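Before any questions on binding or motion, here is one chain by itself as structure tokens, the form predicted on its own.
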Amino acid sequence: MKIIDSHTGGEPTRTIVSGLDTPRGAKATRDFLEKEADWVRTTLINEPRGFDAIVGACLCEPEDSTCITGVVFFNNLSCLHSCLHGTIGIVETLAYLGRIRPGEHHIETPVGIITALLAEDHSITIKNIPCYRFAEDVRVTLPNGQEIAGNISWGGNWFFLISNQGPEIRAENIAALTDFTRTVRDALRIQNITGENGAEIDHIECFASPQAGINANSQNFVLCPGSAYDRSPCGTGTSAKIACLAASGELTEGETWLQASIIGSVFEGSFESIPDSDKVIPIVTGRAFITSETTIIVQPNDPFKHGISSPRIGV
């Protein structure tokens, strides 16, 4: 397999650009990867070739002829519904390969079609699928008796959004923030608090005012499935936040929201309203940078050819 690595706001994306036969369509490719070819995910993401923070992207032929490609994202735990930092990464990758030029492009994902605008300066703007706040001021009790309040929102993945609770959002608190958000996620599961139709809430996002020197409206810490934290501000997480801000009237259509990550990288966000709907279309802008171009070699006698499998605590 040929892969190209990139990062978006510090969060890595590993894109398969050739060498893997997949079905036509993002949904069919996701089914294929989950049921027949999970070795692809473990080979690319697990050690010794990868590490927990990498998000993989498998390009495929789209069912919708208006799309330049289909894509399925996956991490150290499983396939993902969607990934906007990864979408920004694959757009930059396709541009690096000379497959696309600046302009508007459609990309097929398992949860819908996403629109990407590649600018001349290589900033990339993603118009997401419809997103919404599902529940407001949801209370969850932690094992120590502490009660946490948050919003449940769909941004392309399911999020529990927590404002100004838990450890201070600073880079030196990453370990404490990871423990806190894993505890919240476990408590949500135990107390059967879910997204719509019983969907598992697998992303936990904490927000606070940005640290000094960071030009943003907010700074976040995002725990992803598999318990790695997002180095970028998280595109689907920013979308989930924007949906909540729109629902509460704290952000108006066309107004800009600057969302910083735990390491200080920033996404620019806004939204478009959907007539006669409580859903909105979040719009997220960021940049990606190519970091390597690699051929994956799988030797038959390598005992770890498909990655090192190890038990994960608190995933």
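Since the structure is predicted, the reported quantities are computational estimates derived from the model, not experimental observations. One-based numbering along the sequence shown.
This protein has a second form, the form predicted together with pyrrole-2-carboxylate, left out of what is shown; the following refers to that one.
Against pyrrole-2-carboxylate in the predicted bound form, the set His203, Asp230 and Cys234 is in full contact: each member has a heavy atom within 4.5 Å. Screening Cys131, Cys224, Cys244, Ile90 for any heavy atom within 4.5 Å of pyrrole-2-carboxylate in the predicted bound form leaves a single hit, Cys224. A heavy atom within 4.5 Å of pyrrole-2-carboxylate in the predicted bound form is found for one listed residue only; from Cys58, Ala288, Val55, Ala26, this is Val55. By the criterion of a heavy atom within 4.5 Å, Asn220 is excluded from the residues contacting pyrrole-2-carboxylate in the predicted bound form. Although the partner is absent here, Thr181 sits far enough away that none of its heavy atoms falls within 4.5 Å of pyrrole-2-carboxylate in the predicted bound form. Taking the partner from the other structure, pyrrole-2-carboxylate in the predicted bound form has a heavy atom within 4.5 Å of a heavy atom of Cys83. None of the heavy atoms of Thr109 is located within 4.5 Å of pyrrole-2-carboxylate in the predicted bound form. Just one listed stretch, out of 235-243, 185-193, 205-213, 136-144, contacts pyrrole-2-carboxylate in the predicted bound form at the 4.5 Å heavy atom level, and that stretch is 235-243. Along 133-157, one residue reaches a heavy atom to within 4.5 Å of pyrrole-2-carboxylate in the predicted bound form: Asn157.
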